[in-house]
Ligand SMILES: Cc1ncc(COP(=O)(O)O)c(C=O)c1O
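Heads up, the chain below is alone and in the form predicted alone; it's given as C-alpha coordinates.
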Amino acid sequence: MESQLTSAKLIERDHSIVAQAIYRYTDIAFQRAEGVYLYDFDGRRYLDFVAGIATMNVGHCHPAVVEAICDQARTLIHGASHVGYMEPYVELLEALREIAPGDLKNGKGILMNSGSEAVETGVKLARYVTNRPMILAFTDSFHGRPMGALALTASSELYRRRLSGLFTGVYHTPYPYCFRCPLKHKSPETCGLACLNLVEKALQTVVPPEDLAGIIVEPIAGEGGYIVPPDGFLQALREICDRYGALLIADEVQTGLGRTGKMFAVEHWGVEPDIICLAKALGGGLPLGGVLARAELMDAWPPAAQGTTFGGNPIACRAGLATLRIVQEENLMAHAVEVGDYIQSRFREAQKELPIIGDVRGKGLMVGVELVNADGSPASEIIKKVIKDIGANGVVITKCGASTLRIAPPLIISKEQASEGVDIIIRVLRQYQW
(Lines give C-alpha, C1' and ligand atoms only; values in the text may rest on other atoms or scores of the structure.)
Protein backbone atom coordinates (compact mmCIF):
# COMPACT_ATOMS: atom_id res chain seq x y z
CA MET A 1 0.00 0.00 0.00
CA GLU A 2 1.30 3.46 -0.88
CA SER A 3 2.30 5.55 2.11
CA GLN A 4 0.15 8.52 3.04
CA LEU A 5 0.40 11.42 0.63
CA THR A 6 2.41 14.36 1.92
CA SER A 7 2.82 17.86 0.55
CA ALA A 8 6.38 17.09 -0.51
CA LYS A 9 5.33 13.97 -2.41
CA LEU A 10 2.54 15.78 -4.24
CA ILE A 11 4.85 18.65 -5.20
CA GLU A 12 7.39 16.14 -6.52
CA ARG A 13 4.72 14.46 -8.65
CA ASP A 14 3.51 17.85 -9.86
CA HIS A 15 7.00 18.85 -11.01
CA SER A 16 7.27 15.66 -13.04
CA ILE A 17 4.03 16.14 -14.99
CA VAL A 18 2.72 19.75 -14.88
CA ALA A 19 4.05 22.38 -17.29
CA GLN A 20 6.34 24.85 -15.59
CA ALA A 21 4.39 27.62 -17.33
CA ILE A 22 2.05 27.38 -14.31
CA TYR A 23 3.88 29.64 -11.87
CA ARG A 24 3.37 28.94 -8.15
CA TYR A 25 3.56 31.79 -5.64
CA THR A 26 3.97 29.42 -2.70
CA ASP A 27 5.38 25.99 -1.91
CA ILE A 28 2.14 24.89 -0.26
CA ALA A 29 0.07 21.90 -1.41
CA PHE A 30 -3.62 22.25 -0.57
CA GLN A 31 -5.63 19.24 0.55
CA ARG A 32 -8.82 20.90 1.73
CA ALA A 33 -10.32 24.23 2.72
CA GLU A 34 -13.05 25.62 4.95
CA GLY A 35 -14.18 29.19 5.49
CA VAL A 36 -11.10 31.43 5.44
CA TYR A 37 -8.60 28.60 5.97
CA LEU A 38 -6.61 26.29 3.71
CA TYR A 39 -5.03 23.03 4.92
CA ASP A 40 -2.05 21.18 3.48
CA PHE A 41 -1.41 17.42 3.39
CA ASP A 42 0.67 17.61 6.55
CA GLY A 43 -2.10 19.05 8.70
CA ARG A 44 -0.92 22.66 8.69
CA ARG A 45 -3.55 25.40 8.56
CA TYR A 46 -3.15 28.65 6.60
CA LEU A 47 -5.16 31.86 6.72
CA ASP A 48 -6.25 32.55 3.14
CA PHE A 49 -5.55 36.10 1.95
CA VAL A 50 -5.97 35.04 -1.69
CA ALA A 51 -9.45 33.49 -1.95
CA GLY A 52 -8.57 31.63 -5.14
CA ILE A 53 -7.40 34.97 -6.60
CA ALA A 54 -10.38 37.06 -5.45
CA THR A 55 -12.83 34.28 -6.29
CA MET A 56 -14.07 32.62 -3.09
CA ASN A 57 -16.02 35.66 -1.89
CA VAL A 58 -18.13 33.69 0.61
CA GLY A 59 -15.28 31.48 1.73
CA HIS A 60 -14.36 27.89 1.01
CA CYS A 61 -17.01 25.17 1.02
CA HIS A 62 -19.80 27.39 2.30
CA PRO A 63 -22.62 24.97 3.22
CA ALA A 64 -25.18 26.79 1.06
CA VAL A 65 -22.90 26.70 -1.98
CA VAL A 66 -22.03 23.04 -1.42
CA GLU A 67 -25.70 22.15 -1.12
CA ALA A 68 -26.57 24.07 -4.30
CA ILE A 69 -23.84 22.21 -6.19
CA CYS A 70 -24.91 18.80 -4.88
CA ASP A 71 -28.59 19.44 -5.49
CA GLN A 72 -28.00 20.51 -9.07
CA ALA A 73 -25.59 17.61 -9.70
CA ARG A 74 -28.41 15.22 -8.78
CA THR A 75 -30.72 16.96 -11.27
CA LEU A 76 -28.83 18.12 -14.38
CA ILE A 77 -25.06 18.29 -14.74
CA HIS A 78 -24.83 19.49 -18.32
CA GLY A 79 -27.19 20.20 -21.16
CA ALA A 80 -25.45 22.86 -23.27
CA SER A 81 -27.12 26.20 -23.81
CA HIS A 82 -27.22 25.66 -27.60
CA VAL A 83 -29.27 22.51 -27.22
CA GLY A 84 -32.05 23.71 -24.94
CA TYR A 85 -33.11 25.96 -22.10
CA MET A 86 -31.92 25.59 -18.50
CA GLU A 87 -33.46 27.28 -15.48
CA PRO A 88 -30.22 28.03 -13.56
CA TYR A 89 -28.86 29.92 -16.57
CA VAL A 90 -31.93 32.16 -16.68
CA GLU A 91 -32.09 32.58 -12.90
CA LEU A 92 -28.50 33.74 -12.63
CA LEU A 93 -28.85 36.37 -15.35
CA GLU A 94 -32.11 37.56 -13.77
CA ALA A 95 -30.32 37.91 -10.44
CA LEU A 96 -27.47 39.84 -12.04
CA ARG A 97 -29.84 42.16 -13.82
CA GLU A 98 -31.57 42.99 -10.53
CA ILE A 99 -28.34 44.27 -9.01
CA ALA A 100 -26.86 45.88 -12.13
CA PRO A 101 -26.28 49.63 -12.34
CA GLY A 102 -28.35 51.98 -14.49
CA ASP A 103 -29.80 50.79 -17.78
CA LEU A 104 -28.23 47.37 -17.30
CA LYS A 105 -31.15 46.60 -14.99
CA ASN A 106 -33.05 46.16 -18.24
CA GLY A 107 -30.13 44.50 -20.01
CA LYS A 108 -29.48 41.03 -21.35
CA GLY A 109 -26.60 38.66 -20.82
CA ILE A 110 -24.64 35.64 -21.95
CA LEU A 111 -22.64 33.16 -19.87
CA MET A 112 -19.21 31.82 -20.72
CA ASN A 113 -16.53 29.79 -18.90
CA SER A 114 -14.02 32.32 -17.61
CA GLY A 115 -13.02 35.95 -17.25
CA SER A 116 -10.93 35.83 -20.40
CA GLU A 117 -13.89 34.54 -22.40
CA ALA A 118 -16.14 37.17 -20.86
CA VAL A 119 -13.72 39.91 -21.90
CA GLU A 120 -13.38 38.57 -25.42
CA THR A 121 -17.17 38.30 -25.63
CA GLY A 122 -17.63 41.89 -24.49
CA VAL A 123 -15.10 43.19 -27.01
CA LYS A 124 -16.54 41.01 -29.76
CA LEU A 125 -19.99 42.42 -29.04
CA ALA A 126 -18.73 46.02 -29.08
CA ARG A 127 -16.94 45.62 -32.39
CA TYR A 128 -19.91 43.86 -33.97
CA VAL A 129 -22.70 46.22 -32.94
CA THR A 130 -20.74 49.41 -33.65
CA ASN A 131 -19.17 48.04 -36.84
CA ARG A 132 -15.96 49.74 -35.72
CA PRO A 133 -12.52 48.08 -35.52
CA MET A 134 -10.68 49.76 -32.62
CA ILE A 135 -10.61 49.13 -28.87
CA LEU A 136 -8.79 51.45 -26.50
CA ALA A 137 -7.24 49.78 -23.45
CA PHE A 138 -4.74 50.75 -20.76
CA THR A 139 -1.26 49.88 -19.62
CA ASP A 140 -1.12 48.08 -16.25
CA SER A 141 -4.34 46.33 -17.27
CA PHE A 142 -4.99 42.60 -17.20
CA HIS A 143 -7.83 41.10 -19.21
CA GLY A 144 -6.67 37.51 -19.64
CA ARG A 145 -4.06 35.31 -21.32
CA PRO A 146 -5.75 33.83 -24.43
CA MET A 147 -4.64 35.53 -27.62
CA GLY A 148 -7.65 37.83 -27.91
CA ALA A 149 -7.75 38.93 -24.27
CA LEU A 150 -3.97 39.10 -24.25
CA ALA A 151 -4.07 41.74 -26.97
CA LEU A 152 -5.82 43.92 -24.39
CA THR A 153 -3.60 42.93 -21.46
CA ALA A 154 -0.65 45.22 -20.71
CA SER A 155 0.35 44.59 -17.09
CA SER A 156 3.62 42.79 -17.86
CA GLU A 157 5.78 42.22 -20.91
CA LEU A 158 6.18 38.61 -19.75
CA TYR A 159 2.63 37.78 -20.83
CA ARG A 160 3.20 39.09 -24.37
CA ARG A 161 6.77 37.91 -24.98
CA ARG A 162 7.21 36.18 -28.39
CA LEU A 163 3.49 36.67 -29.12
CA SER A 164 3.46 39.60 -31.49
CA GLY A 165 0.72 38.01 -33.61
CA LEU A 166 -2.11 39.12 -31.31
CA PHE A 167 -5.30 40.44 -32.81
CA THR A 168 -5.08 43.93 -34.22
CA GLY A 169 -7.20 46.96 -33.46
CA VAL A 170 -6.06 47.60 -29.87
CA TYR A 171 -4.38 50.79 -28.73
CA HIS A 172 -3.05 51.32 -25.18
CA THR A 173 -2.73 54.53 -23.21
CA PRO A 174 -1.45 54.87 -19.61
CA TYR A 175 -3.63 53.95 -16.65
CA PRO A 176 -3.39 56.58 -13.90
CA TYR A 177 -1.05 54.67 -11.58
CA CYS A 178 -0.60 57.71 -9.40
CA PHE A 179 1.95 56.26 -6.96
CA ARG A 180 4.20 55.70 -9.98
CA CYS A 181 2.63 58.11 -12.42
CA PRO A 182 3.77 57.07 -15.92
CA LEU A 183 4.06 60.78 -16.74
CA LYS A 184 5.93 61.64 -13.50
CA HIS A 185 3.17 63.78 -12.02
CA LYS A 186 3.24 64.28 -8.26
CA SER A 187 -0.47 64.35 -7.44
CA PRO A 188 -3.37 62.03 -8.28
CA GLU A 189 -5.34 64.92 -9.74
CA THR A 190 -2.70 65.97 -12.25
CA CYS A 191 -1.77 62.33 -13.00
CA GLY A 192 -5.35 61.44 -13.80
CA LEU A 193 -5.85 64.52 -15.95
CA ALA A 194 -2.63 63.88 -17.85
CA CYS A 195 -3.64 60.28 -18.58
CA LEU A 196 -7.01 61.49 -19.81
CA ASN A 197 -5.26 64.01 -22.03
CA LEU A 198 -3.37 61.12 -23.64
CA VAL A 199 -6.66 59.38 -24.37
CA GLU A 200 -7.86 62.54 -26.09
CA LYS A 201 -4.52 62.87 -27.93
CA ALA A 202 -4.80 59.29 -29.19
CA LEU A 203 -8.25 60.07 -30.57
CA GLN A 204 -6.80 63.07 -32.38
CA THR A 205 -3.82 61.25 -33.88
CA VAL A 206 -3.87 57.43 -34.10
CA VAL A 207 -7.40 56.24 -33.27
CA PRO A 208 -10.01 58.00 -35.41
CA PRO A 209 -13.10 58.46 -33.20
CA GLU A 210 -15.33 57.01 -35.91
CA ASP A 211 -13.26 53.81 -35.69
CA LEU A 212 -13.49 53.50 -31.89
CA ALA A 213 -15.79 50.64 -30.90
CA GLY A 214 -15.16 50.95 -27.19
CA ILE A 215 -12.92 51.62 -24.23
CA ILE A 216 -12.25 48.68 -21.93
CA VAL A 217 -11.14 49.45 -18.39
CA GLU A 218 -10.76 47.77 -15.03
CA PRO A 219 -12.43 50.11 -12.51
CA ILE A 220 -9.53 49.16 -10.22
CA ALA A 221 -6.54 47.67 -12.01
CA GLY A 222 -6.15 44.18 -10.55
CA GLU A 223 -3.15 42.22 -11.79
CA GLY A 224 -1.42 45.52 -12.55
CA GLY A 225 -1.11 46.34 -8.85
CA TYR A 226 -4.54 46.96 -7.27
CA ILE A 227 -4.38 50.49 -8.63
CA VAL A 228 -7.28 52.76 -7.69
CA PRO A 229 -7.82 55.52 -10.28
CA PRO A 230 -8.29 59.10 -9.11
CA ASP A 231 -11.81 60.47 -8.86
CA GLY A 232 -13.06 61.73 -12.19
CA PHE A 233 -11.11 59.32 -14.38
CA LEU A 234 -13.87 56.78 -15.03
CA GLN A 235 -16.46 59.52 -15.35
CA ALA A 236 -14.34 61.15 -18.04
CA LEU A 237 -14.05 57.87 -19.95
CA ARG A 238 -17.86 57.63 -19.86
CA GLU A 239 -18.10 61.14 -21.30
CA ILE A 240 -15.57 60.37 -24.05
CA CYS A 241 -17.53 57.28 -25.07
CA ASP A 242 -20.77 59.24 -25.13
CA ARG A 243 -19.18 62.01 -27.19
CA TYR A 244 -17.93 59.64 -29.89
CA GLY A 245 -20.63 56.98 -29.87
CA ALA A 246 -18.29 54.34 -28.44
CA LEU A 247 -19.10 51.76 -25.76
CA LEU A 248 -17.67 51.70 -22.24
CA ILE A 249 -16.73 48.14 -21.26
CA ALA A 250 -16.10 47.56 -17.56
CA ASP A 251 -13.92 44.55 -16.78
CA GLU A 252 -15.32 43.66 -13.35
CA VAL A 253 -13.93 40.12 -13.37
CA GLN A 254 -11.93 40.74 -10.20
CA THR A 255 -13.73 43.75 -8.77
CA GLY A 256 -17.32 42.59 -9.15
CA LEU A 257 -19.88 41.03 -6.81
CA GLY A 258 -18.98 42.73 -3.54
CA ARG A 259 -15.17 42.58 -3.50
CA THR A 260 -14.71 46.37 -3.24
CA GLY A 261 -17.65 47.05 -0.93
CA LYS A 262 -20.03 47.71 -3.82
CA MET A 263 -21.67 45.09 -5.98
CA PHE A 264 -19.76 46.59 -8.92
CA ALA A 265 -16.68 48.76 -8.52
CA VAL A 266 -17.94 51.33 -11.07
CA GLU A 267 -20.59 52.25 -8.50
CA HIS A 268 -17.93 53.95 -6.37
CA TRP A 269 -17.80 56.62 -9.06
CA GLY A 270 -21.43 56.55 -10.22
CA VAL A 271 -20.48 55.31 -13.68
CA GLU A 272 -22.82 53.21 -15.83
CA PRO A 273 -20.99 51.08 -18.42
CA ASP A 274 -22.61 49.76 -21.56
CA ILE A 275 -21.09 46.31 -21.05
CA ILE A 276 -19.92 44.56 -17.86
CA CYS A 277 -17.65 41.50 -17.93
CA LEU A 278 -17.79 39.17 -14.93
CA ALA A 279 -16.21 35.92 -13.71
CA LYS A 280 -14.21 34.77 -10.65
CA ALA A 281 -16.77 35.06 -7.80
CA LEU A 282 -19.62 34.65 -10.31
CA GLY A 283 -19.24 30.85 -10.27
CA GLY A 284 -18.84 30.43 -6.53
CA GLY A 285 -15.56 28.60 -7.14
CA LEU A 286 -16.59 26.87 -10.38
CA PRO A 287 -15.61 28.04 -13.88
CA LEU A 288 -18.09 30.66 -15.03
CA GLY A 289 -17.92 33.99 -16.83
CA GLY A 290 -20.60 36.32 -18.00
CA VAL A 291 -21.38 39.49 -19.92
CA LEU A 292 -24.26 41.82 -19.16
CA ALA A 293 -24.99 44.55 -21.68
CA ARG A 294 -27.67 47.00 -22.63
CA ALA A 295 -30.54 45.10 -24.22
CA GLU A 296 -30.36 46.88 -27.57
CA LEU A 297 -26.72 45.84 -27.92
CA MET A 298 -27.40 42.18 -27.21
CA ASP A 299 -30.47 42.27 -29.46
CA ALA A 300 -28.30 43.47 -32.36
CA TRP A 301 -26.31 40.23 -32.17
CA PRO A 302 -27.92 37.57 -34.43
CA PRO A 303 -28.39 33.95 -33.31
CA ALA A 304 -25.14 31.90 -33.34
CA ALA A 305 -22.96 35.02 -33.33
CA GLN A 306 -21.49 33.78 -30.06
CA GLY A 307 -21.52 30.47 -28.24
CA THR A 308 -19.89 27.96 -25.92
CA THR A 309 -20.30 24.31 -25.04
CA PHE A 310 -19.91 24.61 -21.27
CA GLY A 311 -20.64 28.28 -20.59
CA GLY A 312 -23.60 28.65 -18.25
CA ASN A 313 -23.21 25.12 -16.93
CA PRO A 314 -26.15 24.59 -14.53
CA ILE A 315 -23.97 23.49 -11.59
CA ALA A 316 -21.78 26.59 -11.88
CA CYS A 317 -24.89 28.76 -12.20
CA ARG A 318 -26.41 27.30 -9.03
CA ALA A 319 -23.13 27.85 -7.17
CA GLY A 320 -23.08 31.44 -8.39
CA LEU A 321 -26.68 32.05 -7.36
CA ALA A 322 -25.99 30.74 -3.87
CA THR A 323 -22.89 32.94 -3.62
CA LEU A 324 -24.76 36.04 -4.73
CA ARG A 325 -27.54 35.42 -2.17
CA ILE A 326 -24.99 35.01 0.63
CA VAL A 327 -23.22 38.26 -0.29
CA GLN A 328 -26.55 40.08 -0.13
CA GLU A 329 -28.22 38.35 2.82
CA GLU A 330 -25.15 38.40 5.07
CA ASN A 331 -24.38 42.06 4.27
CA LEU A 332 -20.88 41.13 3.14
CA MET A 333 -20.32 44.33 1.17
CA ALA A 334 -20.56 46.53 4.25
CA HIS A 335 -18.43 44.00 6.10
CA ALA A 336 -15.81 44.18 3.33
CA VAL A 337 -15.60 47.95 3.75
CA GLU A 338 -15.21 47.71 7.53
CA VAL A 339 -12.53 45.00 7.49
CA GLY A 340 -10.79 46.42 4.42
CA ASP A 341 -10.51 49.87 6.00
CA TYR A 342 -9.09 48.24 9.13
CA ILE A 343 -6.47 46.35 7.10
CA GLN A 344 -5.43 49.53 5.30
CA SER A 345 -5.19 51.45 8.57
CA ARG A 346 -2.93 48.76 10.05
CA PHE A 347 -0.54 48.91 7.12
CA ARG A 348 -0.53 52.71 7.03
CA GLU A 349 0.42 52.70 10.70
CA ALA A 350 3.15 50.14 10.03
CA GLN A 351 4.37 52.24 7.10
CA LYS A 352 5.61 54.86 9.58
CA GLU A 353 8.26 52.45 10.86
CA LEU A 354 8.70 50.21 7.82
CA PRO A 355 9.98 52.18 4.80
CA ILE A 356 9.74 48.99 2.70
CA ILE A 357 6.00 49.79 2.54
CA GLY A 358 5.81 52.38 -0.21
CA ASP A 359 2.05 52.66 -0.70
CA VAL A 360 -1.20 51.27 0.70
CA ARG A 361 -4.33 51.45 -1.46
CA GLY A 362 -7.58 49.74 -2.32
CA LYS A 363 -11.31 49.57 -1.70
CA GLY A 364 -13.14 47.03 0.42
CA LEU A 365 -11.28 43.74 0.58
CA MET A 366 -9.19 44.53 -2.45
CA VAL A 367 -6.10 45.94 -0.75
CA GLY A 368 -2.64 46.47 -2.23
CA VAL A 369 0.51 47.02 -0.16
CA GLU A 370 3.32 48.07 -2.50
CA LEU A 371 6.85 47.19 -1.40
CA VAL A 372 9.79 49.34 -2.43
CA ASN A 373 13.57 49.25 -2.37
CA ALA A 374 15.63 51.87 -0.56
CA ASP A 375 15.73 53.99 -3.73
CA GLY A 376 11.95 53.83 -4.13
CA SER A 377 12.02 51.37 -7.02
CA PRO A 378 9.71 48.33 -6.99
CA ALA A 379 10.97 45.57 -4.67
CA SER A 380 10.31 43.01 -7.41
CA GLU A 381 12.93 40.50 -6.24
CA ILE A 382 12.34 40.90 -2.52
CA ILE A 383 8.60 40.32 -2.80
CA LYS A 384 9.07 36.78 -4.09
CA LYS A 385 10.88 35.86 -0.87
CA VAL A 386 8.42 37.83 1.25
CA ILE A 387 5.47 35.86 -0.14
CA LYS A 388 7.12 32.52 0.60
CA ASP A 389 8.09 33.64 4.12
CA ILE A 390 4.55 34.83 4.81
CA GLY A 391 3.27 31.45 3.64
CA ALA A 392 5.74 29.63 5.89
CA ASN A 393 4.32 31.66 8.79
CA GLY A 394 0.73 30.63 8.09
CA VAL A 395 -0.77 33.13 5.62
CA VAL A 396 -1.30 32.40 1.92
CA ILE A 397 -0.80 35.53 -0.15
CA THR A 398 0.15 36.51 -3.71
CA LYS A 399 1.38 39.64 -5.46
CA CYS A 400 0.14 41.90 -8.21
CA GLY A 401 2.03 44.44 -10.25
CA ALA A 402 5.80 44.48 -9.90
CA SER A 403 5.92 44.45 -6.11
CA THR A 404 2.49 44.78 -4.50
CA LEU A 405 1.18 42.36 -1.90
CA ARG A 406 -2.33 41.41 -3.03
CA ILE A 407 -4.72 41.12 -0.09
CA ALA A 408 -8.04 39.66 -1.22
CA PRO A 409 -9.40 37.30 1.44
CA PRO A 410 -12.92 35.86 1.45
CA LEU A 411 -15.47 38.55 2.30
CA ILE A 412 -16.51 36.56 5.38
CA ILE A 413 -13.15 37.11 7.11
CA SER A 414 -13.55 38.52 10.61
CA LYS A 415 -11.68 41.54 11.89
CA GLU A 416 -9.86 39.26 14.33
CA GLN A 417 -8.74 36.91 11.55
CA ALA A 418 -7.68 39.86 9.41
CA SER A 419 -5.69 41.25 12.33
CA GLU A 420 -3.93 37.92 12.82
CA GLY A 421 -2.94 37.85 9.16
CA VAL A 422 -1.74 41.47 9.15
CA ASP A 423 0.33 40.80 12.28
CA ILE A 424 2.13 37.96 10.49
CA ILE A 425 2.76 40.01 7.34
CA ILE A 426 4.15 42.96 9.29
CA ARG A 427 6.35 40.64 11.35
CA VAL A 428 7.80 39.19 8.16
CA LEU A 429 8.29 42.63 6.59
CA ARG A 430 10.37 43.72 9.59
CA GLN A 431 12.94 41.14 8.56
CA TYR A 432 13.38 42.86 5.20
CA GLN A 433 14.19 46.35 6.36
CA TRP A 434 17.05 48.20 4.73
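As the structure is a prediction and not an experimental result, all values here were calculated from the model. When you see a residue number, it is the position in the sequence shown, counting from 1.
Omitted from view is the form predicted in complex with the ligand, to which the following refers.
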- Message: I'd like to check something about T173: if you look in the model of the complex, is any of its heavy atoms closer than or equal to 4.5 Å to a heavy atom of the ligand?
- Response: no
- Message: Although the partner isn't part of this model, could you tell me whether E218 comes within 4.5 Å of the ligand in the model of the complex, counting any heavy atom of the residue?
- Response: yes
- Message: Does any part of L247 reach within 4.5 Å of the ligand in the model of the complex? Heavy atoms only, please.
- Response: no
- the ligand contact at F142 in the model of the complex, heavy atom, 4.5 Å: yes
- Query: Of the listed stretches (116-124, 323-331, 337-345, 162-170), which one has a non-hydrogen atom within 4.5 Å of the ligand in the model of the complex?
  - Reply: 116-124
- Given that the ligand is left out here, which of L96, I135, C191, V253 has a heavy atom within 4.5 Å of it in the model of the complex? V253
- Mind listing which residues of 262-297 have a heavy atom within 4.5 Å of the ligand in the model of the complex? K280
